[in-house]
Each structure stands twice: as C-alpha cells, then as structure tokens.
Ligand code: IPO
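Just the one chain here, laid out as structure tokens, in the form predicted alone.
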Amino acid sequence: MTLKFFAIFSLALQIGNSQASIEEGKARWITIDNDAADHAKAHLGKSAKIHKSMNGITMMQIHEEDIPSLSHEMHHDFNRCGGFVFHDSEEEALATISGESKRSFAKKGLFADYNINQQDVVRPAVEMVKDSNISATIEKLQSFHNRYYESQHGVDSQNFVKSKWESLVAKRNDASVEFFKHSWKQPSVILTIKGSESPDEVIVVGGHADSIAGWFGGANSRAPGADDNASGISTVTEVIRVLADSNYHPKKTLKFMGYAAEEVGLRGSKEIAQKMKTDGANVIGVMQLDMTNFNGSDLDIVMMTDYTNSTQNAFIGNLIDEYVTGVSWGYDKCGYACSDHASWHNAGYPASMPFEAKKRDMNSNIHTARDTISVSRNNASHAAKFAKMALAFVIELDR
C-alpha cells in the first residue's frame, strides 16, 4: 500500500466515522462566516451539515474530531486563525447568528473617553519596553512540544504563564492571578489589577495561549506556535512587567488574559466573555493581541475592521501616532471569528484586533512545526511596537 493511498484511505475512514457519529447524535455546533461555510462543507463531506444562515453567519454541525482539520483548512485557504466559533448547544449557536443588534452596538457604540492626554505617564512607560524580554518569553513558550488545549503540554505551558505573571506582580496587594477552568484540560489564565477609584470599569488585554499544527492537529503534533501566539502572550507579559516595574496603580480594573482553546473555536475566550456578560461586567475596552512579531507588510500594525469597534480602532490608531514613533498603521479585514476579539464582540463589548501584517501578507508558517522565532530573525523588535501600543491603550483608557 503506497503512502498516498494510505493517506487517502485514512481520510476516507475518518470522514466515514465522523458521519456515523453525527448520525448517533454526537455532532458539535459551530458558527462560521457565510463565505467559508460551503468550503467547510465540501472539505468535511458528509460529516458536516449546514443548518441556518443569518446576518452573514452560518450555523453548522460537524464532528468534534474534524475540528483540528477545519482549523487548518481555515488558515490554509482563508488566512484565519480559528475562523469559527464552537458552541455548546444548538440554542447557543442560534443566539449567536441572530444577535445582530448586540454586534451592531459593539461595532458602533461609544464606551469610553477616547481623548489622549496622559503623555506624562505613557511616554516613560513605553520607553521601558524591552524587546529582549519579549523574545525570551517567546523562546520559552515555543520550547513546549505544543500548547494544544487537550494536551499536558497545553497545561504545562499555562502553568508557566501563570507563574511568570505571578512573579511580575508578587509585591503588589492589588493584583491576583488565577486559572479560569474549562471542561477541557487547558485552563485560561487571568491576571487582575483592581482599580482604586472605578473598579467596576474593566479594561481587557489578552491573546490566546494555545497552539495547533497539522491537518488533524492533536496532542502529539509539534506546534511551537512562536508567532501564533507565543508572540501575543509574550507581548502581554511585557506590558504587565512595565506596569509593575513602574509601580503603576490603575484607577479602573485591568485584566490580562491568556485564553485556552482559541484554535478550536474560540472556546476559552467565549466562556470568559459570556461569564463576564452574565455577571454584568462593565468592560469599556478589549484589545486582542494575536500574532505580533512577523513584519510582513508595508504597514507595521493593521487594525481589523470587521467584528470590532470602529471608534476604538481609530483611537488606537491615534495612540500609535502619538506614542509609537515611526510606526505605520492601517486597516484590513480578517473575517468572522478570526481570533478571540470576536468572543467579546459577540457579547456586546468593544473589541479591537491590531495585527502584525495585512492578512494577505501574514506569516505562512503558522500551524506548522516551522512557526519558530527564527522566522522573525530571532528577535522581537516588531512585537515591541505592539507592547508600546497596548501600554498606551491601557493608560489612556484608565483615567
């Protein structure tokens, strides 16, 4: 039996098994962009079923074993990291595709004061950013065999993130770091610095901590994920370090997050955003840092305009002009559920997704064993721009 024949036979067997499981009532619900739904159906064959489309979003049933393959396909053909949302029930999926009024408010609503007037605080803070710190954290995270959400490696890597963040705020009595537990192995990590004057107003900066590689992904695949998304987590880590080392005490509550299971349907961030919505949290700004270290375009930082807040996006552009010297920025689109910002957007909160390049110029090595820091010349000079931008975002919103 040739290797090619064996691969085809294995794929056919997997699809057949997936179909059998769906018939036994073991399907999983996802929502996906209309432009990708037919493609996903064709790729997965009989193991996928399209149910309903509304407001540019389609709800589908697929087999859970097909999720890593779909994740790879969405990256390969649509340049989307994720590209779909996993749902726990048909009711949740239906609520998502019908929630256009909530998304419209999240896109156009005014949630904060976007004037820029904290130069005396922001300028010294951005000067403290060290790209060597970011690169060191990337190198540590890429050293894990993978950070897959159902692997022990994914658990171990989150233990490292939690310990690292705890060490940065160890001397503060206004800060805490905790796991947000999920039904799968890998937890999310949340660092909270409580505000001194308006603690009920919350600013969120986060990125996904998991990684995936290969058509079928899984706990055994080598997935260093240096750019996707060790770069984002390392950028968040440097923001935390600067705030801690500068003895910055926020007026509003700051939350820094490392989400689990983004690559398989934004599952970690969805649960967190929904929990905060249920609890009535007043989240006034969310920044998603997913891939910050591959400088592939003529623009340094690219604001994604779809499923984000337009006023907050413009505000971040103004922050770049004011505080990140010599950095160019512009706009692009990335499609439905291309990263965790969509979880916050779907919950009705203002979210932004500043990205490392235009989508057509993004790092082609992600979701493979080649996604190492060597692709970025073994430094984090590009990610440092994002750390400075994120610091400005936090401090200017916190007034």
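All residue numbers are counted from 1 along the displayed sequence. Nothing here was measured: the structure is a model prediction, and the numbers come from that model.
One more form of this protein, predicted together with the ligand, exists but is not displayed; see below.
For the three residues 189, 270 and 273, a heavy atom within 4.5 Å of the ligand turns up in the model of the complex in no case. Contact with the ligand, judged by heavy atoms within 4.5 Å in the model of the complex, is confined among 85 to 93, 255 to 263, 198 to 206, 124 to 132 to 255 to 263. Contact annotation for residue 290: at least one heavy atom lies within 4.5 Å of the ligand in the model of the complex. For the chain shown alone, residue 63 is not a contact residue for the ligand in the model of the complex, no non-hydrogen atom being within 4.5 angstroms.
With a 4.5 Å cutoff on heavy atoms, residue 336 counts as touching the ligand in the model of the complex.
Among residues of the shown chain, residue 70 is not one whose heavy atoms approach the ligand to within 4.5 Å in the model of the complex. Site annotation in the model of the complex: the residue of 30, 362, 37, 347 reaching within 4.5 Å of the ligand with a heavy atom is 362. The contact with the ligand in the model of the complex, taken as any heavy atom within 4.5 Å, belongs to 366 out of 59, 373, 48, 366. Contacts between 222 to 240 and the ligand, taken as any heavy atom within 4.5 Å in the model of the complex, involve only 228.
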